[in-house]
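In what follows, one protein chain appears twice in different forms, each by itself as structure tokens: structure 1 and structure 2.
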Structure 1
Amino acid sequence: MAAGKRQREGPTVRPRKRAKKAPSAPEPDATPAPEEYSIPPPVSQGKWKNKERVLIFSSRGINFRARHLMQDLRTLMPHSKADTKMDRKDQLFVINEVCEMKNCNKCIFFEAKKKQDLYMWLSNIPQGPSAKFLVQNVHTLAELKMTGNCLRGSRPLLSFDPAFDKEPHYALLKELFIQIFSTPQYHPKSQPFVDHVFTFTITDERIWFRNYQIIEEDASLVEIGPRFVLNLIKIFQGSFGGPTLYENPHYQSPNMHRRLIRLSVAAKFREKQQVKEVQKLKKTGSKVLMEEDPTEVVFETPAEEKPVEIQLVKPESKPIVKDKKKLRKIQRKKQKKLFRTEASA
């Protein structure tokens, strides 16, 4: 890839340029001013001692989100280098040689599988240890939700959960995170300010990464991004290999997770189908004839026989009345008349 090649050449050229520039154009505000916020001397005037370099690259077949995350990490870490995507997936130990060629002693390697699962390797190059994580819930810098901003290449504070000191594997990971993510002081590409914080928190057996901008001195923060969750899989003693030091018992592979979901859906479907079938059977199946139970009639007492009565006389026919109320009306009228005559008399 052309972009990769360009970037490969970049770091070798740049420091020379810086070195040339620094003596010819000394900063006017190099002397410490009495005011509160003074412009510090350029980083090139300090002594760059910690020569940590991190190679950040990926395997082939990563999706856009992973690629953006990788780019974001590169912009946030001035001590990082880039390389072309790696072709082979089986022989990860080749990465050690790649890093050696690129002069890096740390590595962040993104491994994509099935075009959807993203794994992240963090490794200390020549002799290890290395750790493999599953990366979940990735949000990148390009999202509009996170409103903060920081200088490109400024050094971050690293904030760790106290849980990192409680267990040995977390302690190891903490050291690994510190060495990888902290930008060396006076790194030529870095800025002289500390204006953002990386937080690593352990919640839900996972490591949550957040990046905040420091706005005020009273610690009001705004999130910059990116954010992601690291689910630890294994820690190896060597770099990209070697004996396993730790294996996360809470880890469930995404394949397994998807399979369980599929199974549960299938089970639900099957259950529904069975219920339907049973109902169908109930509807169509002929009613089973109950055999006569001899005990059913135990408590039935035979009724006494009554003599048969025969009506010999014709029943009186009722007079057919058209207006059923007429009779009653006539009666009432008569009564009224009677009442009146009595009253008048």
Structure 2
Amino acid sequence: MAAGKRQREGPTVRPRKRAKKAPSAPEPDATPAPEEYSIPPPVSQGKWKNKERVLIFSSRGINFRARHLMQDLRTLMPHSKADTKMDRKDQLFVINEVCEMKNCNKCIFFEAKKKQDLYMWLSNIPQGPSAKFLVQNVHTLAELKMTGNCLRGSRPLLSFDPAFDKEPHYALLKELFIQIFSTPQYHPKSQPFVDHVFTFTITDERIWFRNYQIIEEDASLVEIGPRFVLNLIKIFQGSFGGPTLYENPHYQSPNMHRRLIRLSVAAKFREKQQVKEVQKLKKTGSKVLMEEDPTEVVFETPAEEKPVEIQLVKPESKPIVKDKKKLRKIQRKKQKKLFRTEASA
């Protein structure tokens, strides 16, 4: 007879899952539940329409200050792109092809000459216009060390001098600055804040660029840098070339400026040499005799005339004796001779 299987103490009963009930409509007499906190959606959910991209790069041969200035502009402009340095032997119109490959429609190009002069090109690719500037008085972010600090990637406010609206070439530059330096709205790399201001001021026929941070609600400003001065040279119709629309009559090239400084130093040196030669001539030259004054002898009294005595006999030479006793003996001998001659006579 087969052995019967052992029966367990009791079968384990699994709890059944509760069936999901459809949400019933709240009763009119029921009390309302407390509202939950909801996180607002990000501001940048809007559509990115203004797709401006700026290519910022330079030529070979720039110094450290120009390189740091270029890096500062890249950090302040989230819609910018970078590229390798361009060879100085290449022509400038090659930049248009580089911008097309990088999918950029604006360009800021730094051109260095003689390892001391820095030029900046602002261009609208590919139709133009383009402007060439001489960059002066450059101070970078690391060099200034101001107290302000804005959020990286935030959108700036652009502030322009009223003089930009008075002359046509300044109005053209204003539109070019607006399209290049303003960060497009809803850009993927930008932040939805406005906490700094780019100012463009015209003073002494130059454009002064400053960057300020808005630190308080009452719009108090603190400069954070970078800062530089743009001296306009020419405005061209095309991109990096073409017919000249405007040429600055007040512009002076750095070579001419250095030449004038050398000439002024040489003129000062020649002037000093001429002064020294005149002083030498005064010392070595003969003295100029003054004319006799007729009133000089008015108060002079003539002295009494003395009779002129003519000595016929040669005076006897006196012997030079150092010893006084010998001198007395000689005098006594002479006196004795005189007495003898008188006695014999």
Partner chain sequence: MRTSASSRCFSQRQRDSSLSDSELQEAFARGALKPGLNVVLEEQPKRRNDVAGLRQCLAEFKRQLAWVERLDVTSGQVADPTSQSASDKDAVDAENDFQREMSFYRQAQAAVLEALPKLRKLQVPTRRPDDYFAEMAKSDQQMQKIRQKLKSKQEAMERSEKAKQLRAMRKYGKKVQTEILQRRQKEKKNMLNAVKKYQKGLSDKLDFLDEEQTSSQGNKKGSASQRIKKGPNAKRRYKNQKFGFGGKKKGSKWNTKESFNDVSSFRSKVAHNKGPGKAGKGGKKALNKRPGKRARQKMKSRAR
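C-alpha atoms forming the largest set that superposes within 1.5 Å between two forms make up the rigid core. None of these values were measured; they are calculated from a predicted model. Residue numbering: structure 1 sequence, from 1.
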property	result
Identity of the form predicted in complex with its partner chain, given as 1 or 2	1
Rigid-core frame, C-alpha of residue 276, shift of 2 angstroms or more between the two structures	yes
Residue 306: Cα shift of 2 Å or greater between the two structures (core-aligned)	yes
